[in-house]
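Take a look at this one chain, the form predicted alone, written out in structure tokens.
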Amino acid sequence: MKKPVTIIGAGLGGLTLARVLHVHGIASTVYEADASADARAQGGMLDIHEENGQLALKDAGLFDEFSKLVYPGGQQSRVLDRHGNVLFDHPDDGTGGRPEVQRGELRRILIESLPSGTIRWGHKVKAVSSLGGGKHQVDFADDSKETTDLLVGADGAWSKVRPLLSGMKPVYSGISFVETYFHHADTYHGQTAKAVGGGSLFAVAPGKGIQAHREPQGVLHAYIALKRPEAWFEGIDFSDRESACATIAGEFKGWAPELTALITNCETAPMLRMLHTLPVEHRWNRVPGATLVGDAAHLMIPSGEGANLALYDGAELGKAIAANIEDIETALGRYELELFARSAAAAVGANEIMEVLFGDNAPQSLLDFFAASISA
């Protein structure tokens, strides 16, 4: 190629693409808005699946490094009812095929696997435009510019690259998560830590739920789910921790205190995560010299697949480019056909999981789901 592949976004998808290209001797440049790798928190635990995420890490030559990051016991799953009674408790016996790792640590090994200078930190994209003939220009907030023969949008839900290919914009899904954290939970929040157990907790009901996960060093990370319109959340001042937590907790009156403590006793300001999605079968016509990976391509309801698909997208695109280095359009066309099929299937599955968790039959629907999964 005349110039390095230009990748917008240093998330898991963009970094995996850069790494797989590097493995195949192809240069790339990753532009990231954050000022550094440690500029902001990178989220909690990820379960990395055998059929996609782990395959991508093998393609990247990083599977051994990934294996060292696995959090023992993290695959335990517990279902409690609103009164705190344990309805289901499945231990992590090491055979689940979906080991848990910290997102930040996974991102770290990807960053460290790239040649120095590959990632250009502090480059926030202001605009992207087509120059014709498969060439594109990226304008950055600092008034610098970059032209490229191959542009990849790995820049997430609100991608600046996506409009080159698709007119679709994310829409609110009707459900939001409120994120909270606890530190030294076993010491200071013993009953809640006991309820969460060693892995994941699900306490769900129609239209709402309290979910949590244990992380290393005694950290509990919770997601409080509520099906409410955007305006309802916009009426909450999340900068006022006490008031915001009281409002959210008010939706869980009568629930066990060890569960509602994940709202009322949180040690950090509650963070609102309004969940947006792209259409289930989001696709676009082939645009020369540009494509998408990860949430930029297929934003869906969180279901455990998002990070895995981003890893897999990056690896598959990298391999497609390497296999068709003299015919990039063929590489992109083949990659996108497979991308559209797998992302549509995953989006359908994600919507089904939301119904299992927060539909009219919860929590029985979740118990049935786990029973079917174990017997399969």
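The first residue of the shown sequence is 1; numbering continues from there. A quick note: this is a predicted structure, and the numbers were derived from the prediction, not measured.
Absent from the display: the form predicted together with a small molecule. The rest refers to it.
The listed set 134, 216, 163, 304 contains one residue whose heavy atoms approach the small molecule in the model of the complex to within 4.5 Å, identified as 304. Checking 124, 184, 286, 83 against the small molecule in the model of the complex, a heavy atom within 4.5 Å turns up for just one residue: 124. In short, of 109 to 117, 194 to 202, 292 to 300, 251 to 259 it is 292 to 300 that has heavy atoms within 4.5 Å of the small molecule in the model of the complex.
When contacts are judged by a 4.5 Å heavy atom cut-off, residue 343 does not count as touching the small molecule in the model of the complex.
In the model of the complex, the small molecule sits beyond 4.5 Å of every heavy atom of residue 363. When contacts are judged by a 4.5 Å heavy atom cut-off, residue 17 does not count as touching the small molecule in the model of the complex. Mapping the unseen interface onto this chain, residue 32 counts among the residues with a heavy atom inside 4.5 Å of the small molecule in the model of the complex.
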